[in-house]
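Coming up is one lone chain in structure tokens, specifically the form predicted on its own.
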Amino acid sequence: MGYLYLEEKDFAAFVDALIAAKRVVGPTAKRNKFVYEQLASADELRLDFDVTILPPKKVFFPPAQDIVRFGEQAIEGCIAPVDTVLLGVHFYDVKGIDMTDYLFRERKEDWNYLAQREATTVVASNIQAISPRAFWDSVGAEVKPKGHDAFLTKLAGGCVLETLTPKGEALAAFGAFRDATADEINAAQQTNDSVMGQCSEKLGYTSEAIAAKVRDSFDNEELWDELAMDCFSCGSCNTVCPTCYCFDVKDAWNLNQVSGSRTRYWDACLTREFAAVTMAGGDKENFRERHQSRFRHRFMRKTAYLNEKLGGPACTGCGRCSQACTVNIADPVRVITAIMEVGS
């Protein structure tokens, strides 16, 4: 493992060589937004993006994922991993991938997720533009990104590739890399250090303090009523979150009524139907009937409930939930700050 350098004039050829050999997924422009899509050429890659609409977890955990197809006499699995390079992941999204890796490995491993995860080389990249709703430089500082295979930093005239795993080292075969000099390595470090502290939104409290205060606020119904007053329970904040991992499983039957498929879909704890169950005898119960309780549950999960497992909050500060919220109330900085200021 080490540091390599690639001149700017050789970068497109490197990406195109990767595309010729593997499936390469990276950030591309979609009108004035960015999305992760399979690349057809290096010209489509936009490493100057601020944040993508959906997080890169969709490469391993698609919004709709066929699991099995079944017939009258047979069942066929649908999981078919493809050798993939996920190119251009900001460090906060690497942290999100790390968290979902842990949660899908915990207890019984979920190979519907892990099969493609293990077939993918993750290449992180430096942040060149900052989303106006991001706060990744002031949340979860104790949680360091660790699940990537390489880190690419753009410099004037070229880029430094830090290789961290054998999969990361294997990338060097696709480009005209040379060993990076000490000055180039230092310049890459300074480039990545300089972006910290530049987010316009800030959380001014430690993860430990936030977790304790949020837990203590659980029974403050008046506070949660106020914080969630305008919530439509649409689930947009769940849908774009890099650390949400809930899903629903549904069977779809073909017209012959003997064959069909089983698919799992992203689910959202903010929606009213998420906590609705049908009891024995047909009675229905919703154990989080009020939208305030669902709103509270989301913030308990992101700031407190999973901290012990993940080493810090289940929030990476990407700001996607703030951007996606229809009524602009999902911003964690707004909600957490309001909770922290109660009684102060």
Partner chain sequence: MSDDLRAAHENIFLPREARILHTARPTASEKHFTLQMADGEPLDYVPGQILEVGVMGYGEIPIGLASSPTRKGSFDIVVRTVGRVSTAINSKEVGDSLWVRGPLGHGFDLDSLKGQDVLIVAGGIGLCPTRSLIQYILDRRDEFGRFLLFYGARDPLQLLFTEDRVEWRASKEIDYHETVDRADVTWTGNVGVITTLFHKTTHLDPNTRVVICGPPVMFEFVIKELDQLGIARENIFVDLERRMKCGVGKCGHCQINDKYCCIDGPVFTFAAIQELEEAI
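Residue numbers count along the first chain shown, from 1. Predicted model only: the values in this text are computed from it and were never measured.
One more form of this protein exists, namely the form predicted together with its partner chain; it is left out here, but the text below deals with it.
Just to be sure I understand the contacts: of W224, Y205, F104, F177, which is the one whose heavy atoms reach within 4.5 angstroms of its partner chain in the predicted complex? Flagged contact: F104.
Give me the residue from A29, I53, A276, A40 that has a heavy atom within 4.5 Å of its partner chain in the predicted complex. Looking at the other structure, the residue within range turns out to be A276.
Would you point out which of 313 to 321, 297 to 305, 44 to 52, 31 to 39 contains residues with a non-hydrogen atom within 4.5 Å of its partner chain in the predicted complex? Correct option: 297 to 305.
Determine whether any heavy atom of D149 comes within 4.5 Å of a heavy atom of its partner chain in the predicted complex, and answer yes or no. D149 lies outside the contact set for its partner chain.
Counting only non-hydrogen atoms and a 4.5 angstroms cut-off, does T121 reach its partner chain in the predicted complex? Flag for T121 set to no.
Its partner chain contact in the predicted complex: H291, any heavy atom under 4.5 Å: Answer no; every heavy atom of H291 is more than 4.5 Å from its partner chain in the predicted complex.
Check whether W111 has any heavy atom within 4.5 Å of a heavy atom of its partner chain in the predicted complex, and answer yes or no. So W111 counts as contacting its partner chain.
Taking only heavy atoms into account, state which residues of 212 to 238 are within 4.5 Å of its partner chain in the predicted complex, ordered by sequence. The stretch touches the partner through R215, F218, D219.
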